[in-house]
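The chain that follows stands alone, in the form predicted alone, written as structure tokens.
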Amino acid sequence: MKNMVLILGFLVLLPLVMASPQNKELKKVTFLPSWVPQQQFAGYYMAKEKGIYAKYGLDVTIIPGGYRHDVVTSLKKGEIDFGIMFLYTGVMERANGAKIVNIGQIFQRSSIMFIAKKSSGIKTLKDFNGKRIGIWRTIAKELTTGFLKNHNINAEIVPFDKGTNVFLNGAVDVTVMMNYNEYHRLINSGINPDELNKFNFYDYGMNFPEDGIYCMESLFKKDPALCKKFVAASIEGWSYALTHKDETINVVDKYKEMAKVADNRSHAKWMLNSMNDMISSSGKNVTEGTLLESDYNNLTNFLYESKFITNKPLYGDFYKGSR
């Protein structure tokens, strides 16, 4: 009788044991940020490190981004499941025929700006004319050149890959920067913010959202639940990262060391603190991870009118997140 009770008890508990997360087989997926490990991607690293992805049934391998790993190419070749890219990149790829979809718009605003020293006499956009302007060779090239074209600026363009040296050395009069990255490095070099004039893109009608989560349309059609889980877990990872900043900086530092990325803690704190503004809806009254149709239309109109795309992909075809 005693043995029978034990057997019955085991049978009652068996479904619970089998259903527990620890015994549930995790779905393996690969994820590629658009650049090397840094606080720009803190939420994804924390989602992995704190077991949030696992809680959603995912075993996520994060591949370090950089020049060797391009998100668009890796998605098209089927080398990754999910990746991070700017909204403008995703739209341009879709307009050119790539079946790429946005499943979660994490960053809700633009961080791009032009910077000039006040001592140069550059106070307005008109003062850009005839000057030397530094822009990234590949990153956001369409946005920066389109900005200059739309404001009828005739200047010498100086392409560069990264860093603030071209500006510090006087090789350019104006340079493009991101608020959460190069701008702080410039301040760290010894320049006082009061010495600079900032021309934020969002002040000129170009508040285009940046980092979003992308996958191929075929994956979304095959397993939409998987895509939604990845986005939900990533958003939860961001929530944890922004409320546990010291821990987050230490975790991302570990990934930086593995990828042999040099950085300093002061810059890491600045970047992580800046993520609040990037992710915040900023009065848009929209849930996290949502791409507003108005933001989408604003960008597609800019790209189309600037002749960077010849057609405007439909919002419903491009965006597959929550609406």
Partner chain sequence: MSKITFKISKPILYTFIVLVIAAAVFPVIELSRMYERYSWKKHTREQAQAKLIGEVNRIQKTILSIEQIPQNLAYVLEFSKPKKEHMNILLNAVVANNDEVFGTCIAFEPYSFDKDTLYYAPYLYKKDGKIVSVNSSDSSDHYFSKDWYLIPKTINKPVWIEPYFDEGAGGGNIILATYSVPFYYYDGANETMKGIVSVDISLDWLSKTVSSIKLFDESYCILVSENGTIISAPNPQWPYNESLFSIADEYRLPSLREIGRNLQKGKSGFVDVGEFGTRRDWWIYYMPIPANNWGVLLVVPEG
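Positions refer to the first chain, counted from 1. Quick caveat, the model's predicted, so the values are computed rather than measured.
Below: the form predicted together with its partner chain, not depicted.
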According to a 4.5 angstroms non-hydrogen atom cut-off, is residue 257 in contact with its partner chain in the predicted complex? yes
So, in the predicted complex, is residue 161 in contact with its partner chain at a 4.5 angstroms heavy atom limit? yes
Using a 4.5 Å heavy atom cut-off, state whether residue 265 contacts its partner chain in the predicted complex. yes
Could you tell me if residue 269 has a non-hydrogen atom within 4.5 Å of its partner chain in the predicted complex? yes
So which stretch, 202-210, 152-160, 93-101, 69-77, is the one near its partner chain in the predicted complex (non-hydrogen atoms, 4.5 Å)? 152-160
Of 124, 218, 192, 119, which one comes within 4.5 Å of its partner chain in the predicted complex, counting heavy atoms only? 192
Note: exactly one of 188, 250, 129, 239 sits with a heavy atom within 4.5 Å of its partner chain in the predicted complex, namely 188
If you apply a 4.5 angstroms heavy atom cut-off, which residues in 211-228 are near its partner chain in the predicted complex? none
